[in-house]
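Take a look at this one chain, the form predicted on its own, written out in structure tokens.
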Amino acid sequence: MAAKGMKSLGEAMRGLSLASRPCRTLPAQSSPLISRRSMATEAPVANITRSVTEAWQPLSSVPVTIYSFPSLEPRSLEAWSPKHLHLPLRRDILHLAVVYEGDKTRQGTANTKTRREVHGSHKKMGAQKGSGAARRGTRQSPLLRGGGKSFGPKPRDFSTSLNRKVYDLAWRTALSYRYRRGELIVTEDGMELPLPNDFLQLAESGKLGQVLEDGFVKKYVQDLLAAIGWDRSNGRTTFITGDRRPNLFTAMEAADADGRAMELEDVDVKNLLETGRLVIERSALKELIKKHQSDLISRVAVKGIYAKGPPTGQTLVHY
């Protein structure tokens, strides 16, 4: 009976007209979330989206200041392509490059002797049965002390493969990460550490021992970097030059805890990400960018001309 009553009540409610149904009206100022807007006078959403999109424009170039070393006086202002020094951070690409470099540096020289390589006689040590002991073969058996190794490591190549364009993109991504954080300092060519003349004369004459020379150079480098603002509390400094500079490289070897100096040929992606900042010569930076922009250069000739990639380092202002 209850089911029939509910059914009849539902039919009765559906039979009511809209005019006869009771309705509740809210006052005009009942809630601040309720607003009266006219769709005829409201601007469409597409126009708002287009205005925001038009306001954002990609960078046409990024500024790079060239400094003198070690005074860090600005010498010139150059414009570099954002495809070289303003790429978005891609942790996945950087991870691939670092793993690729690590796999290439693994020596893979571990070597163990098998039972065919162990010294000794290959004669069976005892009878197969009747001795009351285990059935052992030759002296080179892996079951015996001094025998061969079962499934031991052998010299192998751990290197993996990585697409060249991906690897070159990782190089420029690492430089872009340093540039956006203000940790990429570009200096003039010929970067060298000026040591005092009195110290150089004493060192050349041999009046100073190795301990005194290393101690003086270490203290000198620490004071110089602290005066610039590159002390150890802000991380080590990596100096990258086109070739080896005697004073700079010797001083960095003595003060290894404060910084290091590297030639361009010895630098990899991991080195660009390890220390607190990078100090690189202008010519070395141009050579590095030129070497790692294969993904920006097309091998398809258009009217007999190959794309050479964005320009590097166009001078805007000389100070």
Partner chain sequence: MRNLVRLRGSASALSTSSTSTVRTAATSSSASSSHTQRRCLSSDVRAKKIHIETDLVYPSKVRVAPLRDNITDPDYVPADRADDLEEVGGLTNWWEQPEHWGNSKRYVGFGPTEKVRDPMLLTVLVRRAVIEAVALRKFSPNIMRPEGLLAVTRGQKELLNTVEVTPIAAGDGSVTLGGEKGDWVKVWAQLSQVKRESEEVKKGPAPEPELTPAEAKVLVQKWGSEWKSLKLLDPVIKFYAAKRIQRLTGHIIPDGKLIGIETVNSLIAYLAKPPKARKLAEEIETTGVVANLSNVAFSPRRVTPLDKDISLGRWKVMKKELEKRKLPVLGTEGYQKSNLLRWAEGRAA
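Just so it is clear, the model here is predicted, and its values are computed rather than measured. Rigid core (definition): largest C-alpha set, two forms, superposition within 1.5 Å. Positions refer to the first chain, counted from 1.
The same protein also has a form predicted in complex with its partner chain, omitted here; what follows describes it.
Proximity of Q210 to its partner chain in the predicted complex falls within the 4.5 Å heavy atom cutoff. Though the partner is left out of this view, N247 does reach within 4.5 Å of its partner chain in the predicted complex, counting heavy atoms only. For the chain shown alone, L59 is a contact residue for its partner chain in the predicted complex, at least one non-hydrogen atom being within 4.5 angstroms. The shortest heavy atom separation between D223 and its partner chain in the predicted complex is within 4.5 Å. Looking at 173-181, 150-158, 102-110, 121-129, the stretch with residues near its partner chain in the predicted complex, meaning non-hydrogen atoms within 4.5 angstroms, turns out to be 173-181.
A heavy atom within 4.5 Å of its partner chain in the predicted complex is found for one listed residue only; from Q201, T114, S141, N163, this is Q201. Residues are counted as partner-facing when one of their heavy atoms sits within 4.5 Å of its partner chain in the predicted complex; in 222-236 these are D223, L224, A227, I228, S233, N234, in sequence order. Fitting the two forms on the rigid core leaves the C-alpha of L200 displaced by at least 2 angstroms between this form and the one not shown.
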